[in-house]
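Only one chain is included here, represented as structure tokens and corresponding to the form predicted on its own.
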Amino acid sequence: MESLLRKAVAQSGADFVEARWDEAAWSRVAFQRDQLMALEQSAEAGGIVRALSGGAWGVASFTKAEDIEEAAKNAIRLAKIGARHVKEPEGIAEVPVEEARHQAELEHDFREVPLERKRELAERYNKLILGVSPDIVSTSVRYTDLLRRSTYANSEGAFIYQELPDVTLLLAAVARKNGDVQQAFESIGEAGGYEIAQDHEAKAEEAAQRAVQLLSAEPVKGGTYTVILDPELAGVFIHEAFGHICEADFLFRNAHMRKVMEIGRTFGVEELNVVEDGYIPGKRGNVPYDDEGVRRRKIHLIKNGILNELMHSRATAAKMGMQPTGNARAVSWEHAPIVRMRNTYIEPGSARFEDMLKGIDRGIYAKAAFGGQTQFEQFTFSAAYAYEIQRGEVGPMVRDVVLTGNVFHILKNIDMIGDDFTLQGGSGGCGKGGQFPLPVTDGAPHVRVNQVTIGGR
């Protein structure tokens, strides 16, 4: 494949040509209630070529390796047609020409584990959840593994081969009593081997027990609270509510947000540091090289409370006169890369959790993220569960906790950042531009925020 790629991108007739060939193999097991819903193994391969000519891009995909040269010719032809009509010519920022090979190191290679053993593992978790209480009426247990092998070359001379593993496990329980239905879950995801999915019996039981506990929890009373976000919820918040508006291609489509997201603007307390990192061993967001062949780079989106940098592809970096950050990613060979996150997190601060509770007469300790949505700087997030904080101590569980507000107000109202830290991949993925699910990781310490609006009864 290497020789085919190198030959295809060396064709003359365009300012720049790049080609990527992806091979992906995966397996999936899913149980719902007492039914096996999925038991499958599959593989696919395909490629995509992009050509830049006269400020316009041409894109062509292919599914047979021997068709790559024809695809390159088609991409170049389309770029030239587009150049006749382009109003705002595109360009790409210069980057070092890289040649590298990155192979996955798996403690327990999931490709060597029979599908039947994976089924047995998922079934064991499923039975554990069902057996916790008669109130458990349904489950969702899902195991997946994936190995993506990506080969990239461009006309500048770059060549990158990398293997990207991904293992996820979802353990979810649904409880019902007197017409009331509640659910809880545990979500695991890492860039590793089969060992990632093993030995989570305790988490399966915890999910079931929490679903049952939520049946007797009181709905939260709506109002304005001092809120402590646990590391999981704080991590999801910084990814969804802030990370996406730091993606440079988003800003080019939104003139208002370009003005708001001005480098050097103060967005939070001095202790607040938000990182976007391309390579943390074992994490789902690992991207040694992005899908434009750009080497990973750790950047601070916020440094000491100040907006410090944005995430870029080569095209957005050229438009803004910045340096590419290694954030151009595609979910598969069917898509061209766009600006995406990798490992995004809030760095630890100095506060102990016990000290964060002090001084809160009536507050909320919100844990995990059940779902949410963002619209520019406005957000709505549902905590998976929460506890009241009463006179500086964690009190009874509450439910139906929905946090709403403006992301910039929340960042400015952070008054304490914990000295602990959790970086978690989860079993889902990030969606953007029709590309889902992209493996990412997010994380944080505990974070205390004043004046948070919480919906409820």
Partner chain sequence: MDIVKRAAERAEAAEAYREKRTGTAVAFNAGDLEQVKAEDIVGHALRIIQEGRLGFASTTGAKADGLVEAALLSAQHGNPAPFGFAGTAAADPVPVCHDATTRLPAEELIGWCEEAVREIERAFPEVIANAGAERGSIDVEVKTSAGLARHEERSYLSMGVEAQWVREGDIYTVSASQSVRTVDELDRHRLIEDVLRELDWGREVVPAITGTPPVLLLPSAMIVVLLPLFVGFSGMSVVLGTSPLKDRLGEQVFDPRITLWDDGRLPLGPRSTSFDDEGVPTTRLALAKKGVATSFFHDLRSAALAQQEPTGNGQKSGLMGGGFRSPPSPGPRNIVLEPGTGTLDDLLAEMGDGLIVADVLGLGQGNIASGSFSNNVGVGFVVRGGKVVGRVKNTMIAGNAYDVLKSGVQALGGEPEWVYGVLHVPPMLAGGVHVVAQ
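Here the structure is a predicted model, which means the values were calculated and not measured. Residue numbers count along the first chain shown, from 1. By rigid core we mean the largest C-alpha set that fits within 1.5 Å across both forms.
The form predicted together with its partner chain exists for this protein as well; it is not shown, and the discussion that follows is about that form.
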Proximity to its partner chain in the model of the complex (heavy atom, within 4.5 Å), stretch among 97-105, 267-275, 353-361, 249-257: 249-257
Its partner chain contact at Thr380 in the model of the complex, heavy atom, 4.5 Å: yes
Glu90: touches its partner chain in the model of the complex, heavy atom cutoff 4.5 angstroms: yes
Gly371, heavy atom within 4.5 angstroms of its partner chain in the model of the complex: yes
4.5 angstroms heavy atom contact with its partner chain in the model of the complex for Trp57: yes
The single option of Gly282, Gly157, Gly222, Gly131 touching its partner chain in the model of the complex, heavy atom within 4.5 Å: Gly222
Among the candidates Thr226, Gln182, Ser150, Gln209, the residue which, in the model of the complex, approaches its partner chain to within 4.5 Å (heavy atoms): Gln182
Partner contacts in the model of the complex for 137-175 (non-hydrogen atom within 4.5 angstroms of its partner chain): Val137, Ser138, Val174
Rigid core superposition, Ala60 Cα moves 2 angstroms or more between the shown form and the other one: yes
Core-superposed C-alpha of Asn273 shifting 2 Å or more between the shown form and the other one: no
Large Cα move at Val174 between the shown form and the other one, threshold 2 Å, rigid core: no
